[in-house]
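Listed next as structure tokens is one chain, alone, in the form predicted on its own.
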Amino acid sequence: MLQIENLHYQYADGANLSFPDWCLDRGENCLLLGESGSGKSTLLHLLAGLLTPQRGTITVADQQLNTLQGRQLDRFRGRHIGLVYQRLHLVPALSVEQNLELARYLAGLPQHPSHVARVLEPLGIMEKRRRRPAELSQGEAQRVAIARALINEPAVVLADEPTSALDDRNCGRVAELLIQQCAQHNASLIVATHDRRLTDRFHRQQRLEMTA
């Protein structure tokens, strides 16, 4: 479960953002819409614990994020929150398998080849596990990023503009993969985007308005 209440964030340049109260049940999907500057990426960074709000509370998997700090927050994020970004941030010197094992290591979780196989096989890229990111196609690399977000069995997966740089065909594929894989893992999915091609794929949608 994810819930936000009375949430406000202010940037150093004075831009002040406030967000409506809402909650998401485990396994539920939501599309986060809004124009540039409406706070979509800021909200995702707040939900991930990468930013700290000036006011309000964020609850993920029954844990209030503002009560955690430092390594404790890092471990919680690694275990309960999966992140997928437009820029995939795969470590180029590591193989696909090693990138996924790194995600478990950073979360303080045990590592075993079965964990890698569990997320790569449904995505159809198990045979790529020893390849490095530069040896993958764009679509394969995107699937690895999805696998990395899911390998620790998170309660919530947050995706920031995951399709904006893709053509129509690949946009549909990535959106369907995110929805299907989160459903299989019973993870809540929040996709922040201005890509209107996704609106027909999500029944629940939350629009952010400019408040700064």
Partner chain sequence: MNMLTLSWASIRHQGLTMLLNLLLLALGIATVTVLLLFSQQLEQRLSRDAQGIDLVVGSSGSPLQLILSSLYHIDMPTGNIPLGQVRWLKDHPLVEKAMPLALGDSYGGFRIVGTEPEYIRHYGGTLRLGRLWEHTMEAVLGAQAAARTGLAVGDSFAGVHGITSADNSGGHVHGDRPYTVVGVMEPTGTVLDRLILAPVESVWLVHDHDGHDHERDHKHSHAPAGDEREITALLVQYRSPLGAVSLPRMVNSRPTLQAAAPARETTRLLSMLGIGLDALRLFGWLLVFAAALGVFIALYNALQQNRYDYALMRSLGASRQQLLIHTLLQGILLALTGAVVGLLLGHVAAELLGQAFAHTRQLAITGWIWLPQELWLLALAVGVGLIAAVIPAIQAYRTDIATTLNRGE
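Residue numbers count along the first chain shown, from 1. Because the structure is a prediction, the values reported are computed rather than measured.
One more form of this protein exists, namely the form predicted together with the partner chain; it is left out here, but the text below deals with it.
- Shown here without its partner, the chain carries S41, L51 and L106, all of which come within 4.5 Å of the partner chain in the predicted bound form through at least one heavy atom.
- Although the partner is absent from this view, R130 stays clear of the partner chain in the predicted bound form, with no non-hydrogen atom inside 4.5 angstroms.
- Contact check for G78: a non-hydrogen atom falls within 4.5 Å of the partner chain in the predicted bound form.
- Looking at M126, you'd find every heavy atom of it more than 4.5 angstroms from the partner chain in the predicted bound form.
- A residue is said to contact a partner when one of its heavy atoms sits within 4.5 Å of a partner heavy atom; R148 meets this definition for the partner chain in the predicted bound form.
- Contacts to the partner chain in the predicted bound form (heavy atom within 4.5 Å) from stretch 152-168: D160 only.
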